[in-house]
Every structure is written in C-alpha cells, then in structure tokens.
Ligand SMILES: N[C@@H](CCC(=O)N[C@@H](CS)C(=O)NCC(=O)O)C(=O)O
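Encoded as structure tokens, the following chain is the form predicted on its own, with no partner shown.
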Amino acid sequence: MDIALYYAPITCALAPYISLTEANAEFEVRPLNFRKQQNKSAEYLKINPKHKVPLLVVDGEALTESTAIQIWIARNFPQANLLPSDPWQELKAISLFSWCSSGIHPYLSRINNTAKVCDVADAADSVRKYALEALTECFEIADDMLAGHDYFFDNFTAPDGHFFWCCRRATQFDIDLSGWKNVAAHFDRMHTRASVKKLLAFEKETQATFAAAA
C-alpha cells in the first residue's frame, strides 16, 4: 500500500502525521510551502481543488478532510487502537474529530486572519475578541471532558492528536492554556509522546528547508 500525506508546517495536517506515526505506518510526506502558494499550484489543484491540507493519497486515490482521513487510518491500522473499540465510544471519538475541525478550528482561523471573515475597517479587534470568547468556551468544555483522565478515552486515540493541534495553534496566538489545568496537562503530556516529538522535529526541518529556498 502506497500512502502519501500532503502536509504544511503549523497546519492541522500534523494530526494525521501523528496518527500515521502512532500506527507505525510506512508513508511519504509531501510538504507544501503555503508562503509560495504551492497548495494553489495547478498540479496540486488537480488532485485537491480544495487547495488545503491534509490530503491523503492511497494507491493513487485522494482523500480530503481530517475526520475522514483519521477514520481511514484507524480502520487500516486497527492494532494501533486509534479509535475506541466500543461502537458508542467510537462515535464519540468521531464527534471529537468533528468538533476540533468545525467547532474549534474556525475560531483559530479567525484570530489568524481576520480579513478572511470580515473586511470592515477597524473590525479586526472585534473579530478576535469574539473568536477568543468562543475558544474560551471550547477549552472549558474540553477541560471538563479531560478531568481525571490523561486522554479523552482510556488510552491515547487519534482525537488527542487533533486536539493537540488546536492547543498548539492557540499558544501560537499567545493564548495561555494554564487557566484550563486539564487541557494544559494534556498539552504537556502530548509533547512527551514519540510521535509528537518526531512530528515537531520534522516540522522544524521542513521550515528550515523552506527558509533556505526562499
């Protein structure tokens, strides 16, 4: 099986990278330099007109959207226990994927680039304010979910990797996680996993390569 992950530094494509690494899968990473808009090149748009990452290509077949990609990884590498074995708990894990993608990620995007959602003059501070309020509610919910637990379920599962990205992106916007002790502990715990260490090292290497080619 030929697996390729299209990835860009900083982006949520780090989550399937973590999952594939946890699964001990053999996969090729194909980094895209967003600063040079490689994600909007004719070559990439041909396989992914959404011009986003992550994109998983398996034996020539392309799969978009984080939730679908994570489910594919979990199904094809069941020994990694990336989703709970109980059907109901599995659905709750898929719900977590969806929440990270559609309930948390959009607010992070609004903080990152206010002009994409509102081009009214002097509106940037207001957009960030309301996005931060929504993020605060999300982290409060996650904090309650993680109370008394190392991970969202009995062991590490793929949603932990996606939530890690949400937390990491928040810290890159100087959002202090310490007010949510369980979220902060989860974030610190994720940094100790070999898959995350490998991801962060790869990201640093990729960023250096991009910088050298600038």
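Numbering starts at 1 and follows the sequence shown. Since the model is a prediction, treat every value here as computed from it, not as a measurement.
What comes next is about the form predicted together with the ligand, which is not displayed.
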Hey, in the predicted bound form, does K116 get a heavy atom within 4.5 angstroms of the ligand?
yes
Does N39 reach the ligand in the predicted bound form if we count a contact as any heavy atom within 4.5 Å?
yes
Any chance L199 has a heavy atom within 4.5 Å of the ligand in the predicted bound form?
no
Quick check on K52: any heavy atom within 4.5 Å of the ligand in the predicted bound form?
yes
Contact at L83, K92 and T157 by the ligand in the predicted bound form, all three, heavy atom at most 4.5 Å
no
Candidate from F187, F34, Y151, F27 lying within 4.5 Å of the ligand in the predicted bound form - any heavy atom
F34
If you apply a 4.5 angstroms heavy atom cut-off, which residues in 2-32 are near the ligand in the predicted bound form?
T11, C12
